[in-house]
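As a starting point, one isolated chain is supplied in structure tokens, in the form predicted on its own.
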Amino acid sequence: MKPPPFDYLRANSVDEAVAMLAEQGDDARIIAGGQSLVPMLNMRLMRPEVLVDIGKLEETRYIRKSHGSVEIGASTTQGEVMDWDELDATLPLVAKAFPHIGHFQTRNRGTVCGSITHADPSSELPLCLAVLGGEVTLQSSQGARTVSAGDFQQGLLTVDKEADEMTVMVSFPVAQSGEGYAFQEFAHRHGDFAVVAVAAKVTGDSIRLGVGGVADRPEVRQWGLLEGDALDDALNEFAWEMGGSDDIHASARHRRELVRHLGREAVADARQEAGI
């Protein structure tokens, strides 16, 4: 299939990009790597009149540590982050999730900010951002604002972003000593979106668990250091609270069972990594 007709604009700076968005309004979309947007254009699920290309912007191509967080700019590809030599030490949960994300070719084009802004509920990076309590920075011609992951991700392909704003950066808190992380996923084929994905963070006094692929956005729960039947009961309650539905990929019942099974595995792995 081919996309509908559109005009193409290449921005030479963030200021130029947001000026283009301000002028075009709802008719414009940002494109960076295009791994989420282009398939939707080809299937005619989106019909923007203008694409504003930020893929070559050097001012938003960075990975940097700042005030206890890792900041990733809008032009930075998933492959660049995956190859960053400090990833395992600073963002171990993201490092564990990356092998499940697409394929080598798509990671070399797709951006971290693009995936999070696209907000597919089965996508791994929005799940990691939610579990870690990260933030998204948006910019318009009126200025910048920062939104927490919980407020930014509102539902299926829906985020707290106005038509004249672009995502310029996402930030993930740096892992601390004594924390353990784990990521588990079930997909029909490697590189497909998850049927169910589970991300866990364990500290000395808490378990934080996030689930993607069931509700219309990543859902997160935090408990004390539950074990045995208490953990099973919490996972079962969590699975039912998210609802879920039958579709061509899995039944709601299957998804609930995956939440229970993958959740137990992820918590056990994270506890072991934390030494608890």
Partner chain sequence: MTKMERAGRYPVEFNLNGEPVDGFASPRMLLSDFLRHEIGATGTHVGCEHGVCGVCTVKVDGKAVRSCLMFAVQAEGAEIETIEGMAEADGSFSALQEAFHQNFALQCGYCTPGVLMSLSEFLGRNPDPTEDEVKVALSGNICRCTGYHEIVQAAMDAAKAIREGAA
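Quick caveat: nothing in here was measured; it's all calculated off a predicted structure. Positions refer to the first chain, counted from 1.
Below: the form predicted in complex with the partner chain, not depicted.
Q: Can you tell me which of 157-165, 67-75, 172-180, 102-110 lies within 4.5 Å of the partner chain in the model of the complex, counting heavy atoms only?
A: Correct option: 102-110.
Q: Wondering, does Asp7 line up within 4.5 Å of the partner chain in the model of the complex on heavy atoms?
A: Output for Asp7 is yes: heavy atoms within 4.5 Å of the partner chain.
Q: Given that the partner chain is not shown alongside this chain, does Glu86 nevertheless sit within 4.5 Å of it in the model of the complex, heavy atom to heavy atom?
A: No, Glu86 is distant from the partner.
Q: Does Met46 make contact with the partner chain in the model of the complex, using a 4.5 Å heavy atom cut-off?
A: Met46: no contact with the partner chain in the model of the complex.
Q: Does the partner chain get within 4.5 angstroms of any non-hydrogen atom of Gly33 in the model of the complex?
A: Gly33: yes, in contact with the partner chain in the model of the complex.
Q: Can you pick the one in Asn42, Ser251, Asn236, Gln222 that has a heavy atom within 4.5 Å of the partner chain in the model of the complex?
A: Exactly one listed residue reaches within 4.5 Å, namely Asn42.
Q: Only one of Asp53, Asp216, Glu59, Glu227 has a non-hydrogen atom within 4.5 angstroms of the partner chain in the model of the complex; which is it?
A: Selected option: Asp53.
Q: Scan 149-188 and write down, in order along the chain, each residue with a heavy atom lying within 4.5 Å of the partner chain in the model of the complex.
A: Residues within 4.5 Å: none.
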